[in-house]
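One chain comes next, on its own, written out as structure tokens in the form predicted on its own.
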């Protein structure tokens, strides 16, 4: 933050507000608050990831966190207020101190100033014998070859020059201020005008709306997205190695773009960014069953049925059955299962679940099939239903975001880098050179300088300039 003289309006109320928001202490306080809350936001799971964490909290702690929006603090009103206050603070600070920096930028020190030559080290002066002749011209030519701004003042016995470079170093801090301002404004625009959502698209299907996080509502996209293909590769351990979605974007039913996305390789369409987030499987439309009929001799009949499709007649003509529902992983641990509804010619419909991994389920839950008729595949005698295959299809889980503030944030990041370069690697240097006619027909050349920062760099520059002038004016080539 630039430490310069404050310029405040005269009106009392405006004066108070101006002085409040132009305070560097306020900047430090806001930065500390935002840093602490950001750390809290990193430690406390946010949005969807907060569900599991929230279930482990006591009721009163949960109510407190919910009241303070700690499960989505980056969109909380109080967090936005802090961001807005910091934005105003930076803007007011910059405006308040800019006139002083502008004055330093435009200031033109006199070439005849004496103060820079006070207590001048001996190595920054040397003598040139003989008539001055073209010495002033040679000195000025050398200075103009190295500095853009050179001013001279001459009389009969003295010639003085002032040269400078790096005047724009005064604006480095304002570049940093402006970059932070752009980043904050970009963040606020994204917070108010953007959205974060998600959608699952089954392979081969098309969607035109997404679920918006935190609003418990859906939002139309204005176009359609179709998942043409989903591919997942696995390591030998069974862990997913890579998964990819081939998407087609349609506008008014016409194909507008075809894109492939992978993890960390999102794609953007009409300002909306799609990230590969997750995947899963969902039952397909077909079920393959074996119907084992007890008797002498027993018989096994393979049957293909459609989920919620037409009824299928039992092999013995006792009635019909339908596949009412399917679950790719019952209760998360029991594997694929289908709900069968058997309607005999005489009697009421009977419903029961048929598992594909019967042995594994029985081993994990001993006696489960005998204790619960709805889990007994042999509930309708004399048949035993065996699920041999449940067709499944992959769905791709996409995170869908739109953040209109991103361009401003990127512009702010690049500007911040430029601001740091100007602030830390550039300095405003003033150089004074004086040529005096002294006694005994000799001429004395003195070189002085001043820098806004980096005194070591200034010292080296003065040493180099003194040496070059000495060699030039004394016609030495060493």
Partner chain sequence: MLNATILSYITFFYFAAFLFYLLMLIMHRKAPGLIATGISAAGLIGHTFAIALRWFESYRMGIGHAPFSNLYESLIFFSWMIMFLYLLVEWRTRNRTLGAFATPLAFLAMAYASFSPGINSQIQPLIPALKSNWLISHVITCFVGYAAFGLSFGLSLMYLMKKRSEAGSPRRITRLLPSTGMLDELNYQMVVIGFLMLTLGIITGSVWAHSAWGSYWSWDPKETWSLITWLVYAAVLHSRLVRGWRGKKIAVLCLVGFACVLFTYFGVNYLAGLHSYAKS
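Throughout, rigid core stands for the largest set of C-alpha atoms superposing within 1.5 Å between the two forms. Positions refer to the first chain, counted from 1. Computed from a predicted model, the values in this text were never measured in an experiment.
The form predicted in complex with its partner chain is left out here; the points below concern that form.
Visitor: Using 4.5 Å between non-hydrogen atoms, is residue 196 touching its partner chain in the predicted complex?
Guide: Yes, contact at 4.5 Å.
Visitor: Within 4.5 Å, heavy atoms only: does residue 53 come near its partner chain in the predicted complex?
Guide: No, residue 53 is distant from the partner.
Visitor: Using the partner position in the predicted complex, report whether residue 62 sits within 4.5 Å of its partner chain, counting heavy atoms only.
Guide: Contact check for residue 62: no, nothing within 4.5 Å of its partner chain in the predicted complex.
Visitor: Do residue 26 and its partner chain come within 4.5 Å of each other in the predicted complex, heavy atoms counted?
Guide: No.
Visitor: Among the candidate residues 329, 351, 399, 248, which is the single one with a non-hydrogen atom no more than 4.5 Å from its partner chain in the predicted complex?
Guide: Result of the distance check: 399.
Visitor: Counting any non-hydrogen atom inside 4.5 Å, which residue from 96, 318, 203, 403 sits next to its partner chain in the predicted complex?
Guide: Checking each option against its partner chain in the predicted complex, the one that comes within 4.5 Å is 403.
Visitor: For this chain shown on its own, do 39, 79 and 241 all sit within 4.5 Å of its partner chain in the predicted complex, going by heavy atoms?
Guide: All of them do, each having a heavy atom within 4.5 Å of the partner.
Visitor: Pick the stretch from 120-128, 306-314, 139-147, 182-190 whose residues have a heavy atom within 4.5 Å of its partner chain in the predicted complex.
Guide: Heavy atoms within 4.5 Å of its partner chain in the predicted complex occur in 182-190.
Visitor: Using a 4.5 Å cut-off on heavy atoms, which residues of 253-268 contact its partner chain in the predicted complex?
Guide: Contacting residues: 263, 264, 265, 266.
Visitor: Given a core-based superposition, decide whether the C-alpha of residue 37 shifts by 2 Å or more between this form and the one not shown.
Guide: The answer is yes, as the C-alpha of residue 37 shifts between this form and the one not shown by 2 Å or more after core alignment.
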